[in-house]
Each structure stands twice: as C-alpha cells, then as structure tokens.
Ligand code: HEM
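One chain comes next, on its own, written as structure tokens: the form predicted alone.
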Amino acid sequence: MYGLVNRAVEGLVRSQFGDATWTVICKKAEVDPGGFVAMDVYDDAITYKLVAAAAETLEIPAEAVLEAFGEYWTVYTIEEGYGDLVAMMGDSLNEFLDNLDAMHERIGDAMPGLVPPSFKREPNDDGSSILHYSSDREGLAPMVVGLVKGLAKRFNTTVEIKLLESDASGHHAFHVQETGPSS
C-alpha cells in the first residue's frame, strides 16, 4: 500500500489517542514511528501490523479500527490534496459511489502500481443500494463500512450499512440505505 494509507492510520491514532499511543502501536508493530512517505509503496504487511497493534493497544476489535479508519480516510484524503478530485466525483452519496472506480483510475495515473479495490453500486427500487466491493486484500471489508459512513457525512446524510455476503474471492456485498439528513 502507498504510504498515504499508513500516514492516515498515523493521523487517526494521533488525533484521537495522542502521540504516546502512536509510539506504543509502532513499537508493537515493529514499525518506525518517524513516519511514512505518502507516495512510496510499502508492503501491505506493515498496514496489517499497524491495525493489529492498534486493536491490541486500544483493546478494540481490528474490525472497529478498520471502520474508524475508513471514516477518517474520507476527511484525511481531502485534507491531503485530493479535495478537488473528490468534489468532481459526485453531488450525492449514490453518485459518488457510482464513480469510485473512475476515481481510483484517475488516482492510479499518479500512483504507479496502485492496486485499488473495485466498487459497483446496484440501485434498488426502494432507494437503497447494494454496494459490491472486491479487493485482492483480505480483511478490509469493515473499512468499507466506515468509508460509506464518512462519505454520507460529506453529503449531509446518514446511512445504515449492513454486510450481506462475502466470499473467498474477495467480493463483499453491502446493503446501503440513506436514513435522513445528518444532524
């Protein structure tokens, strides 16, 4: 994964739990707490170790760490200079979800070797959607829950999101229902 991801993990931990907690997590993960270069590629194992160490240190499930990270990621990427690209991808949650793969293609132009997930939204007659997520990386589906919740906040709405199915190929299907304006 690109260092941008690991820097976001660092940002989440430092902003919500402090510098000392980040240092503890890095020690447990056997990672230098000095930071990551956003545009450098790092072994995925580093990110997985950071998540596991955060879960252990914070005494919460890794799934909760990933969900919190997904929600944080939506704000972090805008602050890191991707705001214009994010703004171009849609004026509503559904429009944005429809354009996630196109956004990843554009980002891939600047990040050689990027291996992004794939998303496909399937609208339902009742206004809800089935969001299909596929990734070569295992165990990151909880991050999608956080991403969708974070994106919903961006569009001043709230959502209920529920995992419907997963399979061994890395495909996951989520039911997404907007529940109203955010307060």
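Just so it is clear, the structure is predicted and the values come from calculations on it, not from any experiment. Start at 1 with the first residue shown and count on from there.
One more form of this protein exists, namely the form predicted together with the named molecule; it is left out here, but the text below deals with it.
The shortest heavy atom separation between Ala55 and the named molecule in the model of the complex exceeds 4.5 Å. Residue contact with the named molecule in the model of the complex: Ile130 places no heavy atom within 4.5 Å of it. The named molecule is not shown here, and in the model of the complex it never comes within 4.5 Å of any heavy atom of Val51. In the model of the complex, the named molecule sits beyond 4.5 Å of every heavy atom of Ile60. Proximity to the named molecule in the model of the complex, defined as a heavy atom within 4.5 Å, singles out one entry of Met143, Cys26, Ala152, Ile46, which is Met143. The candidate spot formed by Met1, Leu4 and Met103 lies fully in contact with the named molecule in the model of the complex, as each residue has a heavy atom within 4.5 Å of it.
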